[in-house]
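As structure tokens, the next two blocks hold two forms of the same chain, structure 1 and structure 2.
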Structure 1
Amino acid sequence: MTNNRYVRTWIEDMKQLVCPADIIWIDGSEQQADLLRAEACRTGEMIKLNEDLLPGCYLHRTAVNDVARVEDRTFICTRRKEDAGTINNWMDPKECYEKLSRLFRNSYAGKPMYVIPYSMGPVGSEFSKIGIELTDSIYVVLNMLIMTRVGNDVLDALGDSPVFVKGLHATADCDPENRYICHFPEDDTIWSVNSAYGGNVLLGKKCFALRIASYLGKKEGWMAEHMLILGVEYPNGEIKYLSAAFPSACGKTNLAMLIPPESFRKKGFKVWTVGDDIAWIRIGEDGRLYAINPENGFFGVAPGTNSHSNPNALETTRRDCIFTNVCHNLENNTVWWEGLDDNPPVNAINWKGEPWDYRKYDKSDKINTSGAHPNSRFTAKAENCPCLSSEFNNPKGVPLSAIVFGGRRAKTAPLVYEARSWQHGTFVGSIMASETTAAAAGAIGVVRRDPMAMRPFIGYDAGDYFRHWLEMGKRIPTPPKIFHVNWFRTDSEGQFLWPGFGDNFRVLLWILARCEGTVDAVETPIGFLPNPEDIPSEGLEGVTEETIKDLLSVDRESWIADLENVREFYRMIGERVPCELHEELSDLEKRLQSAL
């Protein structure tokens, strides 16, 4: 509890609105968490898994209609519509508070209100920000306990300050027709109602650490980005850090926890994980960019995670983990998901809670025939990750040598290229595109523009966001270099050309060598590409020189065709797209045309 009058007044107001039976302050203690786990098991909200095989692990299933973020029901509520921008949904704040108040009213009746004080970032770091989430869901509490730093020390750090993000969540009837995820950046407020799924309700994550934080970053001169952060350790012990923005379900967790190919491991190369989803980035005293991961755990995609693709992630989920919407293996009370191994359980319950027959699995209808939902997730503690960086809790963050953008593109984008400058790199980020995935409700596999992998997460106008990138660039004395990667290029049969996963390390080495100035590159119309022989290929199986050349080829016709779509996207964002980016676009077009 706290005597902070801003906190107390706000909670009192919210109490009047949602009418809980009781108020429970979450103190971050293991003792209290244990009581909540026991309560959740008693009501069936969670299932305790096999203590010998998965100690401290639980299974939870959300409602069948509540399995991913809902972008069409996500709103940015600024007083002036134009400040929310054209690609965000907007509602007038007053209207929104009124509309949602009707949905929140009495919604906690008979249930306790859990008060979760949490810090995004190490408690007390100058990077860090405090939030308080009110929720009626034990599942939310237990996830927040893993994903953020929760407890009384957060209230101590807050002291008498009025500066904290006020999050109100109610599961209510979980009615998709009345589901709203609303952000009031001008009030440091988030209201989420009628969902109980991950990104919609763990308000510290996308709602605060990206949508609200991106707005604060613009105001205060820093950046909140949808980026992993990792360190590459060289055989001499030196560690270089980079951050990378890929859209949802496009490989951030996998890259962040990468294990280098054997030949590199033998030489002493290692990868250390700082973060897998979100980076808060500031200019350091030495003129470089520094990044922290504001989270304290991983809310990772389960399907496809296995002992070959991502052994570190798998290991991280083997204790103290909450699994959401995976398949329940009744043979030994453990969990399973597509891509874990080749032995689907015979006696099993699918993500919907029904008996499941693995023989009926049909790749073209995954939602209805798979054991685990394609967007099923694990919530795991960062401290359980075998490759967690020793800098994870460093309040100053880690210095960035490179920023990497990447998407899921079957064609067009090459394996890797380097931007010509910070401004050109901002342009490269702004024209990113990717095939949509199961992480958000809606069609899957459709190419859409997703600038900086932030399209669903920019808390203000996208044109102003690009402007902020350009302005930051002018203020950074020693900016990192900017790159673009694509692990997902396919051949004519739709097979991935690049093995990906651990082998992506080879591309990271080229990127860092470019930052050190120790390797040459080929100048092309889109930027600098590797000489094929400079992608280290020792021990790289099944990839011929021809394939590497293919992966690095730039098809000018398809780039020119793509630029038409970029132009349309810029038009859609509207007049606040900086003229520098329009210039970059026409320069790129000229370079592509003249090379034809």
Structure 2
Amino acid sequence: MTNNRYVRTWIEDMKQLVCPADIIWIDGSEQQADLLRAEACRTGEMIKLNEDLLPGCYLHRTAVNDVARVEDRTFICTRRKEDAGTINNWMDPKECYEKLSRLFRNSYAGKPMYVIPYSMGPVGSEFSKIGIELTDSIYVVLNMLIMTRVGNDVLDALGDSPVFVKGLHATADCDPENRYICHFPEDDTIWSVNSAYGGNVLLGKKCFALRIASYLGKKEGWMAEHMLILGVEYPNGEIKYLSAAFPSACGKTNLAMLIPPESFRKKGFKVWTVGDDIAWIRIGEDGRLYAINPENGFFGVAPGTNSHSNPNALETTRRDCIFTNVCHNLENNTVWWEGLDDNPPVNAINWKGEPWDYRKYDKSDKINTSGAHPNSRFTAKAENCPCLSSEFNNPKGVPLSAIVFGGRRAKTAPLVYEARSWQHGTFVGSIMASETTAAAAGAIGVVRRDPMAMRPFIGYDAGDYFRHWLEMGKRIPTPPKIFHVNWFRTDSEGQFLWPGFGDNFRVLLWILARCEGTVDAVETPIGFLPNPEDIPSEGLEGVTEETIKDLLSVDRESWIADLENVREFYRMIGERVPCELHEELSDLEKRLQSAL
């Protein structure tokens, strides 16, 4: 498949370690993929679904102990512990290679080694990076064919270069006590063993596209971020792009595929999806930031996805999709999950492979009583998304007018505010937080800091990551403006004040108007807030002018109470937190105290 001696030598070394029965190169062809799907169905690894209702779709179940990313088993292996930082798990590379080699040894016995050459980003783009994943799992191959660009053209683009990310995965025994997802950023290497769940084994996704790529970005002068990318098209045909970072359960995918309210659609407004999860961002020749989505598909959470919350995502899953750990509807050989509709199947198999009785569902025990696992997934082709941007495959990316951070805060954060500068925006991103929403996740209302929504994904020290943001700001001649949003503010009875979903489009319009300088703002201690009348309210039901004023108010006492939590978080990160961010924190406190 390739004469690249670096690739061939590495594969030979890994072959000696895992001892496969055969080596199969993945060429990206539909013919080969069809053979692999048939083999997966023959062995029971996947189930072919109703071809008339869900053409090209399959169902897969993981082991019941292997259903999500495992942050406590995920390691950054740098030669110096301090370079991995305090919020990452660290292991010495030499120790890790030795430990995992024992687990990998002979793990492919009797099974083939699949060699997957893939490109993160359009093949040949200066934005893009190449990886090769070795795996013993057909499920991994078929998911990588959806999530990345795979094939011989990737090897052609690599040529004789030694620069590629080396990924080794073995399902092994799926033993959770010996499950490891280890990153060696200084070696461009990822090893994953004893898991078959997508987030741990699709090595192009979080492992490469964020943890390894964030390290490469710092070294090479660009940014790998946990951000969606979308474009807002105006009635005159002009399109403005923004990227946005949100922690989990904050509506990230819903925003990426947002449908504007009807009154705006009638005027000709549209939203186009460039990416729902990851953005690689570089400085363009014109001095602006440009972003690409390095992925080629969507690995989305199924529960809660429906025709109201995200019709575009639902439509994307209607064909050529792999469903993982959802409920199997035996009545028509389709799939179902909680939140899809109000018609759970009577004759069904749950995510564990057991007969399921929807009448015994208990919201307080979702894992054991739900039809679909709460973290069940769909892997869908981006090209099947109805609102996919025509710029999706643009090798130069799209120019960013704005960067948006968001969190889930009941009282503290207003609906939207603008940072005072790039440095202040970096500070805003560094203190991003969400509050727990259910007792099952711990005490309700506990604040979890998730800087730039990257807490589990920074491939090096978080303080150095903040420093990289600040240094990038100094290098960007025309930086985008930075904003923070909060769709989850509540009233005294705990009811959401803002309708969310498609109505979030109204906030995006204000953000882009600020970027164009066509609306004013009110300066407050935390940043610049909208005048209430500048949030477009036509057709907005159930939200009064007083409600909008409430949504835009700054609860200074709540902010002051929150500052100690920020300081504690900075102390946890350690001495590498840039002094500029400490100064921003001090200045914020002074402004808040002065306002009181």
Ligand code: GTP
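Here the rigid core means the biggest group of C-alpha atoms that line up within 1.5 Å when the two forms are laid on top of each other. FYI, numbering is relative to structure 1, first residue = 1. Note that this is a predicted model, so its numbers are computed, not measured.
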Structure that is the form predicted together with this ligand (1 or 2):
1
Relative to the superposed rigid core, does T544 relocate between structures 1 and 2 - that is, does its Cα move 2 Å or more?
yes
If I superpose the two forms on their rigid core, does the C-alpha of R408 end up displaced by 2 Å or more between structures 1 and 2?
yes
Core fit, then R179 C-alpha moves 2 Å or more between structures 1 and 2:
no
How much does the C-alpha of D491 shift between structures 1 and 2, in angstrom, given a rigid core superposition?
3.4
